[in-house]
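Just one chain follows, in the form predicted alone, and it is written as structure tokens.
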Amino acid sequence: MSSASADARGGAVVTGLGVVAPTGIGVEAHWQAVLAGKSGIERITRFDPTPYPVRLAGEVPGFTAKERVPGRLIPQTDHWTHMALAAAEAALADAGAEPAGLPEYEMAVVTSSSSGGTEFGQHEMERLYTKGSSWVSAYQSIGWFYAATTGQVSIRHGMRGPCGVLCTEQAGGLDALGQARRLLRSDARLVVSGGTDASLCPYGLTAQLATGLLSTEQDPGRAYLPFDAAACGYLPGEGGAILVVERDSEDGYGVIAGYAAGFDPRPGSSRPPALRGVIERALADAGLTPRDVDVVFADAAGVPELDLTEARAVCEVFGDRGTPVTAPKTLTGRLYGGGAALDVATALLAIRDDVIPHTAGPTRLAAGCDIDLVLGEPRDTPVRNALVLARGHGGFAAAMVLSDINYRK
């Protein structure tokens, strides 16, 4: 370790993971799929996508709410909240945490959300316009709301400390975990954090199409190719990861060692994008130099100009073809509020097993993307520190440094 600050040692330790993703339900199912390059990208089945230009997405296979969520909550909440409740339950079990035995005001919940309960809201609008207002569920008032997941997790586990939700699109997962670390530096001892998202419904997809950034390619193997010469946009997905973060735990998957966030200048500005500065501030927060970082988990938008911006920022900090870069999210699509949280979970597993998962799909780097993108197969190598990058539509940018818990001691 170069010059780690005392503040970053110990501190926020990730002690539990809960994964509900297109690559599988459960930590090991997800991890083995990632290492095998097994894609969760297929034709959308949650509705008939035929009338829409985007027909591929990452859906969570085999998720049945009634098997994982209390029955009374199912009609009150959206699919996005169902997945978060299941992931939170798994993360707490993985951490060995027993909320009933902890002070209720010292436990907090901070999640990310991008679109809220989109599918829930769509169904209620259908009832409103086809049957009348008396058919609209009273739970519409909360089921769609961005904070619904945080509220339901808080209620279910009796966590009455400071709770909140971060809405910064794809960057939200890192921003939520950054806030979790702040809370652990005050009165909280345990924070349930991370995020899920689920907007695979006609209403949700139509809203996403407005960005013009989604891929309309119909071949699952060619539809999402970040940093590739044939990059043509990204695919949407659902799911994510919920993490348990505890103060000063002696055991866990890793430490949140550094974090920074920023916002891009307005379009047309002569000022540079925020990403490079965000990376540098996250490294400084962790007390690390670029040489200490073993892998970068890229945001990987799959949009040529955004890929080039990210590749340049990475090269400016780490050098051309310097630190290895990977983007396992080509197997899931971009999960919006759940995407960065899943990347953090995957990065922690890379640290645990000393292996960098590869990026499935790309074969030929685009001009100017002079990064060491890990392709073809996982790369066995010691992973002590990982950097996760995330950018949200509209200009959000965030970076988080994760470290092996033994590296920080």
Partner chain sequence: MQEFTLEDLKQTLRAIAGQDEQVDLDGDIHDTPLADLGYDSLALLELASHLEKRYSVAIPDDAVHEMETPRAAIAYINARLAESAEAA
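Numbering follows the first chain given and starts at 1. As the structure is a prediction and not an experimental result, all values here were calculated from the model.
What comes next is about the form predicted in complex with its partner chain, which is not displayed.
At a distance threshold of 4.5 angstroms between non-hydrogen atoms, Tyr129 is out of contact with its partner chain in the predicted bound form. Its partner chain in the predicted bound form comes within 4.5 Å of no heavy atom belonging to Gln218. In the predicted bound form, its partner chain sits within 4.5 Å of a heavy atom of Gly71. Taking the partner from the other structure, its partner chain in the predicted bound form has a heavy atom within 4.5 Å of a heavy atom of Ala138. Heavy atoms within 4.5 Å of its partner chain in the predicted bound form are found in exactly one of 235-243, 72-80, 268-276, 204-212, that being 72-80. This chain appears without its partner; in the predicted bound form, the one residue of Leu92, Val303, Cys163, Ile142 with a heavy atom within 4.5 Å of its partner chain is Ile142.
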